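Consider the single chain below, provided in structure tokens and representing the form predicted alone.
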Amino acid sequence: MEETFSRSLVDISRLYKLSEDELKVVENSDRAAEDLAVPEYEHYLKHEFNSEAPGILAKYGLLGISINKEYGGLQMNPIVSVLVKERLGQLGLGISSFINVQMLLCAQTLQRWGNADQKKNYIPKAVKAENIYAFGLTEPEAGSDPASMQATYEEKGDAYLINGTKYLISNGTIADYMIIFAHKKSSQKEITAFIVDAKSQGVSRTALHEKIGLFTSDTGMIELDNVSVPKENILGPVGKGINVAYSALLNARLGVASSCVGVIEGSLKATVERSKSRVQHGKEIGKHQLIQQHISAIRQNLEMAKWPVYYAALRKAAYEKDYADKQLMADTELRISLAKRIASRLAFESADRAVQVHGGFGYSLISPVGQLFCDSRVARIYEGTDEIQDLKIAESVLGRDFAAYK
């Protein structure tokens, strides 16, 4: 097993004892990472979606970690998902983003909010990667504030008509089904979630290639022009879609934080290898004090990032047993905000330091640290920006009366 990841398993044992089944899944993530390393690198250089990833992830059961066994999942503690995403995060954020959308944003959201038929029809195919899913919340003018979305729906007979544009949607052009959010045409506050067949008449999709990283993650713009969605495809309560969205984002934020720990591990591993093999001024660069300063900083970042993530996962495990506990919900949200804010910042800083140690070679997409650097920047934006997490964290200290937005 990869060395830095093995150290994480020792660390997590201080907080949580993995069962044999859980340990097997974690070990499978290490095997999956080995299988994915070469295709992920090759697809990254071509700036294209890694089409091999879904099959490999499904083969090892990694798309069903948080999904109940009755739907083909493994039904495991969130800490297992965290460890899996940590290992895969060493390869960059492309694969982790796919898992985030397929399992955390979509399958897990369907599991919590879907009716019996929806769960039976959609979740097993998500776990097996027989169908690909997308989560359509973000719009050109609605990012950190989902309540300002412009997509609308109106009732028409036994269906709803949806109109609007969704932007920067992961899996956007490859999805078979999409969870789309829209507000009632007559009321901005009544947001509802819908399960939309991507083949529906009126759906058009455009690939977005103009990114500075995350090349192996499909990103698209989805336009909906009078798309008819049957009423049985409403996900969750009518008019309460914002609750569906926020619960999904809670899952995904922890997923991003977990992957960022992996980015730090990948940065550290590559930097140590470079420091021992590269010779300048008559000795290995690792013997130069300023290079050692970078290594020390990345190692510190790893230590600072992993513990908030692990603790947040354990709090989330408790919350998933009692969604009605408002105090536990608030604490879980805070812990996940802390974890994402800390881990995403330290991941980007660590990748930046890794590039510096690699020198000119590091400033290239053919280097592993170049990929980590480009990918990690988006972690400070998607699934809740740095600024949004700062506001949530500050509110927890100052009190609800000081909330910057409500």
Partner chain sequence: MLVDFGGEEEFNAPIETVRDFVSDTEKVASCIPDSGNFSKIDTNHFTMSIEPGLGIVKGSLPLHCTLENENANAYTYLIEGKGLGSEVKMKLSINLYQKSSTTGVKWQSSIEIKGVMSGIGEAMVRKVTQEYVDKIIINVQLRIKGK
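Just so it is clear, the model here is predicted, and its values are computed rather than measured. Numbering follows the first chain given and starts at 1.
Unshown form predicted in complex with its partner chain; subsequent notes refer to it.
- Contact between residue 363 and its partner chain in the predicted complex is not found at the 4.5 Å heavy atom cutoff.
- For residue 27, no non-hydrogen atom is located within 4.5 Å of its partner chain in the predicted complex, even though that partner is not displayed.
- By the criterion of a heavy atom within 4.5 Å, residue 201 is excluded from the residues contacting its partner chain in the predicted complex.
- The closest heavy atom approach of residue 274 to its partner chain in the predicted complex falls within 4.5 Å.
- The partner is not drawn, yet in the predicted complex one stretch among 42-50, 377-385, 346-354, 65-73 has residues with heavy atoms inside 4.5 Å of its partner chain: 42-50.
- Using a 4.5 Å heavy atom cutoff, none of 154, 159 and 239 lies near its partner chain in the predicted complex.
- Although its partner chain is not shown here, in the predicted complex the stretch 34-52 places heavy atoms of 34, 35, 37, 38, 41, 42, 45 within 4.5 Å of it, in sequence order.
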